[in-house]
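Presented as structure tokens, the chain that follows is alone, the form predicted alone.
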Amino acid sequence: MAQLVGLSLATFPTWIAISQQRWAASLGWAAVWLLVLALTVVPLGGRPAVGWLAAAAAFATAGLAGWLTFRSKASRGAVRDLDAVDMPGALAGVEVLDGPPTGWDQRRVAIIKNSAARTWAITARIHHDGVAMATDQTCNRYTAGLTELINAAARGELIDEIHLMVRATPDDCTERELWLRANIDPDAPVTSVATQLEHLRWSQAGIRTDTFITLVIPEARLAREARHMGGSRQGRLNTIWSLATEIGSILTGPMGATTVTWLTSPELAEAVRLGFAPGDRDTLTGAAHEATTNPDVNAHVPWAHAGPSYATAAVRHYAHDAWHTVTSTVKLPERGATMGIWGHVLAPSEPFERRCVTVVFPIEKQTVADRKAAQAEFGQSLGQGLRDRLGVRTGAKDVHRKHKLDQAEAQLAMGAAMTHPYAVCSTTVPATAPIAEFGRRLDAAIRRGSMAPQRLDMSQDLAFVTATIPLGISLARTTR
């Protein structure tokens, strides 16, 4: 719309010149308008030239104002409250609250409040056997389970987005090494000890995956429901926990997850810290192991130390402490995508590289979905009518589009949800590695999966948070 208004305003000099019968000037202004039209419409690297100019100007302004650089309170000796969240950019407005005690062990699940985006969220860690050895029937059952998950979220009209995140990190085998140190017997056969050590060495060539799911609820929807669930703040926490219970039953049922653990505040802080610094895992795991026998050991990560001590956003990557990250977004193909294509993206190209994939499912409200489907059907019918009157042949793409619209309308009438998912992929390497080369390898891996990447230039800080930090930050939040 802004582009249309800009192009309309750009025609004014031409009309004024014509009204004054200055024909040479009118031709000159018409040539200028054609140049503006080309810069506005023709995409360069996925964006119009005008979009690039606007983004570059905004990026330069933010750089001159110092908004692209973050330095934590801990690095400045200004920490006053260890429980206060101190993180950069889009995470600056995040606050973590303790939910109501649940279960036999009275766990208090962490509730994420984002004051800047006016959303609430809750995150769980999922353990799943994966689909590498699954049959076609099992994969189809998982796919149906994912559809049931989205439909269940849409029926409640509270959940706005579902984030599914997978982080593939080089396996440091810390747990196995600790077990060997505790159980190795000096009298054991030399061959047995050597075999165990060889297994440990080979295991370090593998990767470990961490899977998270985050439910995002807008404040506008949650406030109404909270009045019936115990009041203002307590009602919101109770409502979010009831949604988590409902979604958790689908994850362990049709979707085949073996366990679903909704994270407490210390567990979530550790997940966030490992998002910024994947190399800290061995020390945190070792501290947690030692804390089981020595109560004086502190194995927790305070929220004041969960973020980076220093971070800055460059044009083509994001620097956080001793790590660099490149993030690209992926529009899923129209013909659909199989679960196996993500294997190309999640496989690191070097032993020190970490890859992340986050698939975001924005869920439309039923009334909005029906209206959009009706508008699309009206536009399709109008175009088809014009083609019939003009005698234009209906192409295969038009027939396919009509079939998809009819199918979507039928599914909406049966109670299905409408969603336009997108994926964000990232690669993280030590600052000493050539990050541009690893960004190129990530794009190549995405293309091997039959998808088209787009490097999120000048938005790498927000893209990194969406792809790597399980706090429910979305790329689409500002455009919906």
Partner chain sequence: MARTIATLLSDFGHTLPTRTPTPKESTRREFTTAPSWRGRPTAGAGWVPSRPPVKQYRMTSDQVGIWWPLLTASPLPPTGAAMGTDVANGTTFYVDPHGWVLDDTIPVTNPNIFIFGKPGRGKSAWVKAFLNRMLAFGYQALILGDPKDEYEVMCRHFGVEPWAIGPGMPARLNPLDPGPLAADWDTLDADEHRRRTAIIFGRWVVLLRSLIGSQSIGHQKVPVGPTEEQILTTVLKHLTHATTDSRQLAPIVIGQIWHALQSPDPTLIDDLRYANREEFLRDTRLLRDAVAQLISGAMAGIFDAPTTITIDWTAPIQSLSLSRLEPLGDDAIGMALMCLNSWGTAMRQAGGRRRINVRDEVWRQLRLGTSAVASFDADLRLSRSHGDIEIANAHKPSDYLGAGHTGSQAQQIAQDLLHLGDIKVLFGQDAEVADDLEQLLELGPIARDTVTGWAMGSKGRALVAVGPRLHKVHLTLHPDLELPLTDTNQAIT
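Rigid core (definition): largest C-alpha set, two forms, superposition within 1.5 Å. Positions refer to the first chain, counted from 1. Keep in mind that what you see is a predicted model, and the values were worked out from it rather than measured.
Keep in mind the form predicted together with its partner chain is missing from the figure; the text below concerns it.
Here is the short version: of P302, G343, G99, G286, the single residue with a heavy atom within 4.5 Å of its partner chain in the predicted bound form is G343.
Proximity to its partner chain in the predicted bound form, taken as a non-hydrogen atom within 4.5 angstroms, holds for one residue of G385, G395, G130, P266, which is G130.
The stretch that touches its partner chain in the predicted bound form, counting heavy atoms within 4.5 Å, is 188 to 196, out of 188 to 196, 289 to 297, 386 to 394, 238 to 246. Taking non-hydrogen atoms only, T143 approaches its partner chain to within 4.5 angstroms in the predicted bound form.
G66 belongs to the set of residues with a heavy atom inside 4.5 Å of its partner chain in the predicted bound form.
For F70, a non-hydrogen atom is located within 4.5 Å of its partner chain in the predicted bound form, even though that partner is not displayed. Looking at A423, you'd find a heavy atom of it within 4.5 angstroms of its partner chain in the predicted bound form. Applying a 4.5 Å heavy atom cutoff to its partner chain in the predicted bound form picks out no residue from 17 to 34. Core-superposed comparison between this form and the one not shown: the C-alpha position of T259 differs by less than 2 Å.
Once you line up the core between this form and the one not shown, the Cα of A84 stays within less than 2 Å of where it was. Core-superposed comparison between this form and the one not shown: CA of T245 displaced by less than 2 Å.
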